[in-house]
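Here you'll find one protein chain in two forms, each presented separately as structure tokens under the names structure 1 and structure 2.
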Structure 1
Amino acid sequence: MRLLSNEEVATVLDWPSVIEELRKLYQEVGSGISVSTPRTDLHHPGPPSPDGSPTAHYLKAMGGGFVGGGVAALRLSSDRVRFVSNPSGLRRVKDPVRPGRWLGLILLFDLHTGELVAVLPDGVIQRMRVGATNALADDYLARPEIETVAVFGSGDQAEAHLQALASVRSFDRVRVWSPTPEHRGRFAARMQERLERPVEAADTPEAAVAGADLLMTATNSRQGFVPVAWIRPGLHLSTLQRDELTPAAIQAVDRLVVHTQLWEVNATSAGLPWVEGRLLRDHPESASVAWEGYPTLGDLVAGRAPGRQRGEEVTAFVNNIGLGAQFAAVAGLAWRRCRELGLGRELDPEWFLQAMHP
């Protein structure tokens, strides 16, 4: 049993390999060979926080397998969540478990023996699987030749998606917008150096999107902010969650693909009515979209749904929610490579086995 660190995982993973591993995975997903269980979200009341705001414990779990990789994974996180009122409603803050420390784990099992073969933190893999999944979808939906990429958001996920995109498309320039000038400025400087091409911070959302061939959104917005007015022929939209396109923009897209039709299952303690209320209203706009009518990334990669057909089509990929199988594929790749290199801490596998028959 190998215990890996984020540093070790980052050492062995590169964008092209992760994207190709996911391409193999989504072949399986589209043909029903790889399956996942719905993400389960469990909330119970926590102690009052020093600032008086209510808190909750949030235990999240999702499972999935990748037959080609010979592994199944269970990804789980245990978070202390605090709900802080601000003018636009309740904002959710994840407090650390210990100062500067969070708890997110991937348990990796060998499909052949059933053994627990690795325990990995989910940080690096979480970001890479999201960025790589969107880039994989972009590869089927964006025009082969694109010049200008607009990025909304300047956080880690925006960075991950933009880096991943560079593995499937060449592009000439990037324009980034996020509300805080300092954040978008830093993002532009960092990504210009990394991508070795012009990345500029835009002064307005409209300036970022003007003339873009691909618009990627990586924000925490719970309200659609991409209006129909931004949509022009040939544009590809690639979002990291389900609330970023306005319902009108969704209607204006010619070809929309969602990540999956497997949605989360919530269990919220009656001791947390405010959390329940928030969760129920969590996706107020996107809850009204008939997502079940759209094909999935698995359909796309397995050839059961067509990708882009014409240059002037408007396409979109909505990464509505994650899949446990993504963790099986990416953590499986990291585990194999770490094992080859002798990376990680070996723990006695007997610690996690028992003599009692189930």
Structure 2
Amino acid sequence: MRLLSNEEVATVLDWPSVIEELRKLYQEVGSGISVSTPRTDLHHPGPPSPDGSPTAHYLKAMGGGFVGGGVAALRLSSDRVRFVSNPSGLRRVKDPVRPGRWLGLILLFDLHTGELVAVLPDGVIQRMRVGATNALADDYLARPEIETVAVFGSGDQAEAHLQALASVRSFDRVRVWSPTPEHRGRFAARMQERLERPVEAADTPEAAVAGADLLMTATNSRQGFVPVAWIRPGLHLSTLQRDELTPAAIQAVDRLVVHTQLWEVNATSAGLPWVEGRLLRDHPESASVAWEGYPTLGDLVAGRAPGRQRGEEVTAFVNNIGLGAQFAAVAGLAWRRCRELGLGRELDPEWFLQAMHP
């Protein structure tokens, strides 16, 4: 049994390997072999932040297995959260539980013995499983030839998705927009060096999306901001969460694929505060569409639903909610590689076992 760090996980994982591991997983998901439970979101009121704004505590749990990898995983996160308004709308901010420190854990179990085989933080795996999942969907839905990628968001998830995309598609240039000029400027400089191709910080959202072949959204927005006016024939939209497309934009898509038809289970305290007319929970607004009516990424990878059929089709992938099976696949890959290299701290499994039947 091993205790792993983010640094050790980052050492052994690479984008092509993670994408292919997830491709194997989604073949099983699409066939009903590997399964996940719905995510559970537990919301309670928190103390006011230093500036006096309301806060909440989110405790989230999600579990799933990967039969091909021989593992199952339980991912837990404990977050202090608040809403912030800016010119582009309402967004969610996760405050650290201690200065500069956040809390997210993955417990990895052996499907054959039932033993707990690894405990690791979710930071690196969280970013890679989301970015690689979207890139996998992009591989089935985006046109083969891409010249310009528009990116909305300049945080870690935008960076991860862009790096993952570079593993499945070549593209000539990137234009990025986010509300803070300094953030998007630093992001553009950093990603231009990593991708070795032009990455430009756009002055306006419209300038970022003009003529783009793929529109990538990686924001904390809790309001739809992609209008139908930005959609043109052949465009592929790839969103990292479900609150970014407006209802009109969704209706303008010819072929839409969602991550899963599962919905999270919300348990919300009656004392949870409201901010600007919205309850301070993870997704304050009801989804504008019924995700149950759309094919999933598992359907796509397993060949149960078609990918892009025509060059001029408008396609979209909405990563509407995560799956615990993703953590099983990516954490399982990291654990196996760390074990082969002798990385991590060995723990006595007896600490986690008991002589009493639970």
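Every residue number counts along structure 1's sequence, beginning with 1. Because the structure is a prediction, the values reported are computed rather than measured. For the two forms, the rigid core is made up of the largest set of C-alpha atoms that agree within 1.5 Å on superposition.
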Structure that is the form predicted in complex with another copy of the chain (1 or 2): 1
So that I can tell if Tyr294 moves, could you say whether its C-alpha shifts by at least 2 Å between structure 1 and structure 2 after the core superposition? no
Taking the rigid core as the reference frame, tell me whether Glu312 has a CA displacement of 2 angstroms or more between structure 1 and structure 2. no
When the rigid core is used for the superposition, does Pro233 move between structure 1 and structure 2 (threshold: C-alpha shift of 2 Å or more)? no
In Å, the rigid core superposition gives a C-alpha shift for Val97 between structure 1 and structure 2 of 2.9
